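To begin, one chain is listed below as structure tokens, in the form predicted alone.
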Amino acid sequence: MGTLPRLGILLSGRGSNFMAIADNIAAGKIRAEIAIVISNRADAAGLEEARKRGLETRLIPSKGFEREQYDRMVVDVLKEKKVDLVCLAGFMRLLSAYFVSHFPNRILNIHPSILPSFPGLEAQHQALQHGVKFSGCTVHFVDENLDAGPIIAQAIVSILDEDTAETLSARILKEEHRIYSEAINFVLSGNFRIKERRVIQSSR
């Protein structure tokens, strides 16, 4: 049995998707290990949670740095830790072309909408304001544009008449936790190809 793929987790807040990934690794549902958890914010609850779980963490504050200048520091740590796949888990920064070039098709993000609808911040609020009947979440490869890389997996969540941004977010989050781990397994399998914008499962 070879060495396990090494994940690098980047987060800025509570890190609920990080916790779901870590739980699924512990349960044997993802064959990988978390090599490092990095945050740009000292007050990120996810960083403390990672420490409690005995994982290696690194605080790299982003305040005062240009985007690429900051990304160079993060990439250096990910390379030092020999990370195979980078997973953004509520990392509130747009990655530079420099960062993306070092991990081509090896950076994943999850977004709480059915992309390309409602990219950016407060996607659930955007969906309610727009009056759509369905929302959901999307796991996609990351490029240097906002929420724009090729789509790996999506889940649909119906919007109820009485929904608020909070109630909708909670239902979407359950689906996020499910499909992010599925998408990680899919990408780690290597059993896919990217044709234009489409992520296509390869036939064996």
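Residue numbers run from 1 along the displayed sequence. Quantities reported herein were computed from a predicted structural model and do not represent experimental measurements.
From this point on, the text means the form predicted in complex with a small molecule, which you will not see here.
Novice: Kindly indicate whether 31, 178 and 185 are, all three, within 4.5 angstroms of the small molecule in the predicted complex, using heavy atoms.
Specialist: Checked in the predicted complex: no contact with the small molecule for any of the three.
Novice: Though the small molecule is not shown, can you say which of 83, 127, 114, 110 has a heavy atom within 4.5 Å of it in the predicted complex?
Specialist: Flagged contact: 110.
Novice: Any of the heavy atoms of residue 173 lying within 4.5 Å of the small molecule in the predicted complex?
Specialist: Yes, residue 173 lies within 4.5 Å of the small molecule in the predicted complex.
Novice: I'd like to know if residue 143 sits close to the small molecule in the predicted complex, meaning any non-hydrogen atom pair within 4.5 angstroms.
Specialist: No, residue 143 is distant from the partner.
Novice: Would you check, heavy atoms only and a 4.5 Å threshold, whether residue 92 touches the small molecule in the predicted complex?
Specialist: Yes, residue 92 is a contact residue.
Novice: Evaluate residue 163 for contact with the small molecule in the predicted complex, applying a 4.5 angstroms cut-off between non-hydrogen atoms, and reply yes or no.
Specialist: No - in the predicted complex, heavy atoms of residue 163 and the small molecule never come within 4.5 Å of each other.
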